[in-house]
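Here you get one chain, nothing else, as structure tokens; it is the form predicted on its own.
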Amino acid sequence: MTERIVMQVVQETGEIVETPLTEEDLKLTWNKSVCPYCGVGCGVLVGSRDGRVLKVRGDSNHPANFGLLCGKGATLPQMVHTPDRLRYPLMRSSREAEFQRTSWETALDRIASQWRRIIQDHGPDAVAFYVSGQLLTEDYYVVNKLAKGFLGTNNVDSNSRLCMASAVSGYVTSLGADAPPGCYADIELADCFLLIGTNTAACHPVTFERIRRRKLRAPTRVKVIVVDPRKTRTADIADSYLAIRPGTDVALLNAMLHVLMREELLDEPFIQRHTTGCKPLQAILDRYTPEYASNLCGIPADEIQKAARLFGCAKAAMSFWSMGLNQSTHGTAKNNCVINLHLATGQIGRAGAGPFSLTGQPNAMGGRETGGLAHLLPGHRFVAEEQDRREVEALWGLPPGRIAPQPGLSAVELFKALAEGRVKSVWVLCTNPMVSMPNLSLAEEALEKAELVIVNDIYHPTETTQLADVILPAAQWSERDGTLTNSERCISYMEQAIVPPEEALPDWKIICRFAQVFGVGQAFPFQSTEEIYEEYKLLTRGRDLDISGVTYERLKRGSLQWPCPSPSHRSTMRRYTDGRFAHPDGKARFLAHEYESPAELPDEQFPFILTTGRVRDQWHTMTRTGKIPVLMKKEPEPFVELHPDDATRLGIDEGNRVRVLSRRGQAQAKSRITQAIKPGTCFMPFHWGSLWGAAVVNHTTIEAFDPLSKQPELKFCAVRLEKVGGDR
């Protein structure tokens, strides 16, 4: 294997830097793994020696990246062996006391005794788990089994609620199942790309590089449409860049479909045979002329028509989107409207075409498959469906009626319930909500009022571990094995390369140990991740995501895309190729939506729109990437991006310190003045938490959420900007 390992890193300029193996590299032990950052799921090869990860290379055989890595993936070894690494359990007697080292037995006994008392006094819904799309599938499965099957609470929600929940509800309502139709291989076959609500170049660099290469190979034939209120590097390859007013995506997408309908660019045979709901949609589209949408969206009408024609005339069109659509009180509607474009033009279920949600975390997909949201059960089942509950109860050996029929609390609901005292204790695994949650004052109040906060993490301190009562050391990437599923339904196996430090354990093992102490250990006899996976597979049999044919043995030879129902099945690159969708009648749904404004609009007191997002060289809350000097060099501190006209009016110069205030709180950062953002809008990255100073943008964001997906509106709130002193 080693002679084929060549490092390929996507630089900011798009240049690919290749570094061959050195003599020292040849002395390392190399293991297959997957990058633990975004949902692209890039295959990596991990080089280790003497219990230390020393090098990482792109896996040239992995279908997600074919050896390419972004700058974050290329620096993975630097986040493994760090001074703040958790090595043993920590506990404190009160929030005023210091953390002290303790034993696993003592820590788990404390959790079990307090949870027994809480459940006895207040019922099972007084406890909850808040988990993460960074957990592996096996971790997710045992948490869900413990909570929903054996503790009796459906209060298991994930930080995936903050990033992908609207994509899930969009797929389910439009197509019938949470099943992305296409695959990355379609990029090389498409001749039109609609990138909407995604800064792909920064957030999914390897996928963007594949799109960029496709464009460069056929620059006149391949068309790219980019929709974003900020003109980022993603727009550098655009034939049509639409600088949309934040929050108005439904109006734009309806107007594009209006143009396609008016100019007879619809696939009428496909619509007739494979869809329902077209007539109700057409009834509202008459109003969404390009001129009408122009007033709402701040985009010239002729630009809307141009984008619609590029999409409508394509032989094979792909749409990519991410947080810009999902993090909205109308996120499901926005997803439905993207899918409407594909259904109207027949651009789905075939090579080079389809709607493709870009996932923010490496196993957000696997988490949904195992039931890792408060309304789900394993195998794409729903807690509200009696038959679904009975099937899971039977496999888990539970009496009928054991699993509660009411969905648990979603992320925002959970933190509100903690703040109000309805939930007494929360167990946080592999995430840092004290940076990522909206309206952080509410989140902070929630953890402060909780009787017991337990956190599994790999580092301490983080903004969240500082508020914990018990901190448990988890094994991390490269220190344990297991599986995950990326954005294209591709399941990969991660080999263990090194042993965890001292007393750190994989999350699944921590949960199984707790189950033993709590008295339900007979249902958690697992000695390996493979045993967990084999049990989980039974709950997928006959389902849309059937993985009965997936084994660790097969995954060690290469990744597989679900469904893969038998050992001889070669896995599934594309869904719906026969035109039959997952709704009971086999037809996809056109879903009509009127444009509705966000939850909080600018006014005289708070005249600016604040939108948040990511930068290329940081990831999530910087617990990993913030430790890596080369990544910190590009963006050493947060910033507030604003238009020159706004800066002039406020007397703000480049580099001035600016205070961003909303009805909920404030943040501070240096100004960055640029024509790349629309007047009246400002942008802040969300990565920096309180450990980095006063720049915590989520003190200002709003906790309002989409009523169906329950994903919060992190992309839009009303703020005002103030120059801080004369400081530069």
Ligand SMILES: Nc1nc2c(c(=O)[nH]1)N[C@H]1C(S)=C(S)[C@@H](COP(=O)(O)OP(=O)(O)OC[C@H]3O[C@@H](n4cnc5c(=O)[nH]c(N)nc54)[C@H](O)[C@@H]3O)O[C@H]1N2
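These numbers come from a predicted model, not from an experiment. The first residue of the sequence shown is number 1, and the count goes up from there.
Beyond what is shown, the protein has a form predicted in complex with the ligand; the following relates to that form.
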{"item": "Contact of residue 719 with the ligand in the predicted complex (heavy atom, 4.5 Å)", "value": "no"}
{"item": "Contact label in the predicted complex: residue 228 to the ligand, heavy atom within 4.5 Å", "value": "yes"}
{"item": "Contact test in the predicted complex: residue 615 vs the ligand, heavy atoms, 4.5 Å", "value": "yes"}
{"item": "Contact flag, residue 458 vs the ligand in the predicted complex, heavy atom cut 4.5 Å", "value": "yes"}
{"item": "Site test, 322, 462 and 620 vs the ligand in the predicted complex, non-hydrogen atom cutoff 4.5 Å", "value": "yes"}
{"item": "Candidate stretches 468 to 476, 643 to 651, 209 to 217, 566 to 574 - the one whose heavy atoms come within 4.5 Å of the ligand in the predicted complex", "value": "468 to 476"}
{"item": "Interface residue in the predicted complex among 583, 381, 72, 657, criterion: non-hydrogen atom within 4.5 angstroms of the ligand", "value": "72"}
{"item": "Contact assignment for the ligand in the predicted complex, among 182, 482, 360, 638, heavy atom within 4.5 Å", "value": "360"}
{"item": "Heavy atom within 4.5 Å of the ligand in the predicted complex - qualifying residues of 111 to 144", "value": "134"}
